[in-house]
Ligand SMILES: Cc1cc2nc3c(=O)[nH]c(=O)nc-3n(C[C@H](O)[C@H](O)[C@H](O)COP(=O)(O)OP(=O)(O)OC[C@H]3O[C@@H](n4cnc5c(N)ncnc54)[C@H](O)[C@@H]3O)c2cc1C
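Given next, in structure tokens, is a single chain: the form predicted on its own.
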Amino acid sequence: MESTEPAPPTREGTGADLDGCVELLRKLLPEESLITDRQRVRTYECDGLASYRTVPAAVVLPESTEQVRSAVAACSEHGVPFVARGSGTGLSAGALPRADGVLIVISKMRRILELDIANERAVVEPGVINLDVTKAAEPYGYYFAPDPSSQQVCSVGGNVAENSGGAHCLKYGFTTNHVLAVQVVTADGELVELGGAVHEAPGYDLLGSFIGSEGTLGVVTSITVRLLRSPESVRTLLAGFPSTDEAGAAVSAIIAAGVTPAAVEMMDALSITAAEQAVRCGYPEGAGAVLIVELDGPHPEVERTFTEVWQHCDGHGAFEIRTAADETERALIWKGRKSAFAAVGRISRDYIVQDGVIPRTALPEVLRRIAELSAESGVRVANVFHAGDGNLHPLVLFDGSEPGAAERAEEVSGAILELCVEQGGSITGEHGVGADKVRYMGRMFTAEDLDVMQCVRCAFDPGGLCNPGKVFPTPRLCGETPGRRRGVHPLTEAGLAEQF
């Protein structure tokens, strides 16, 4: 039954024709691939960052590249903005829909098109779940390295859009290090190939520009990924420390000794409490911090470096160290860490999952400053992070039913990001900018930096239809068309608006 809610707003003055676009979509797509019912489209009003919600005007569920092309071409012809979405697990509102636009959900495109073990690669559709690539390659002794905490549900297409990482990116790098080529539908409906079957093709690195562009340059319809040979040996260690200071010092000592673990993860006392309540992972009782260190590679090398890691943990105050004897114990050690984000819901009604990066050596100071921010504001902060590469994930806790609590949490969350920038880090490590962090881009980049980025974006999408409003603090001024800035905007000159 159709909803009686009023129709979504249109892009007045932009030439957009939403009704015409939907009418064309009905002609081009199977009936079941288009949703316009106001109640049904509400299912897609947010991604993993549920504090941002917008009901899209229409949802398209394509099952093929040609259907994606049809959807994009219809939007292009009628000047309607569109947003691509995978599994919707993103944490920066990167797939937040437009009320005046079309949401293209690629979750039905989940076929593994080719498994080319001889050349150590696979070709997959964008809706394929991350972990399913490894499951397909595992019988042949291979796996797909990028492993976000949501790898059981997130899509490879979403990984490409956000350049996702995961616990093992310390040693193996982010998604961009594991993608050889992508097939992309550009904003005008054209189908193009970026990259190729081999690394280091001549010419500009357009593939590198596309990966991590958060859906602002086009919609990916197939991805050629690298497969890695499964390591000969894997060893996992869990160490409990009195505080994050000792744990941080152990991390620095491990890296300084020339050891490159596959993963080094840290959780503080509050996040340990949440994980214990949720999954009973059995972490050391009374720990102010735990470290999970995983080593992989040839057996002799793993055994030698494992001994070194043990010694560094022991020498920096670890009061309990355990090693996983088998896959079951290894999975239990990881269970607490992998479930940490969701587990925080056990101790707080609402929370913000933040994402920032700092130099690894700044960890002790930054964690102390976060603790000070928490104490001064009365806002609790739980810390779960990739300690090996300085990628923080502070979880800022609040109760949305308490007046002013959400605003205080936002202030603390923003102050943590500014602390990251102050330390020479970044406002995001692997969650993207999306709609959530556009206001902080000006803290990292100059207007000239952003102009250069806009030139790249406009080369792919001159009409600004592809996921507008994300990544860039644009329209930097209301109504401004994305593009290169020329001179001071009249509203800025008149003191009526701020230009980042």
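Quick caveat: nothing in here was measured; it's all calculated off a predicted structure. Residues carry their position along the shown sequence, with the first being 1.
Heads up, the form predicted in complex with the ligand isn't pictured, but that's what we're talking about next.
- Taking the partner from elsewhere, residue 246 is found to have every heavy atom lying beyond 4.5 Å of the ligand in the predicted bound form.
- Residue 164 belongs to the set of residues with a heavy atom inside 4.5 Å of the ligand in the predicted bound form.
- The shortest heavy atom separation between residue 224 and the ligand in the predicted bound form exceeds 4.5 Å.
- Contact check for residue 236: every heavy atom lies farther than 4.5 Å from the ligand in the predicted bound form.
- The stretch in contact with the ligand in the predicted bound form, judged by heavy atoms within 4.5 Å, is 427 to 435, chosen from 427 to 435, 442 to 450, 24 to 32, 58 to 66.
- 154 is the sole member of 154, 344, 133, 266 with a non-hydrogen atom within 4.5 Å of the ligand in the predicted bound form.
- Contact with the ligand in the predicted bound form, judged by any heavy atom within 4.5 Å, is made by just one of 101, 94, 388, 394: 94.
- Annotation: in the predicted bound form, residues 90, 158 and 218 each come within 4.5 Å of the ligand through at least one heavy atom.
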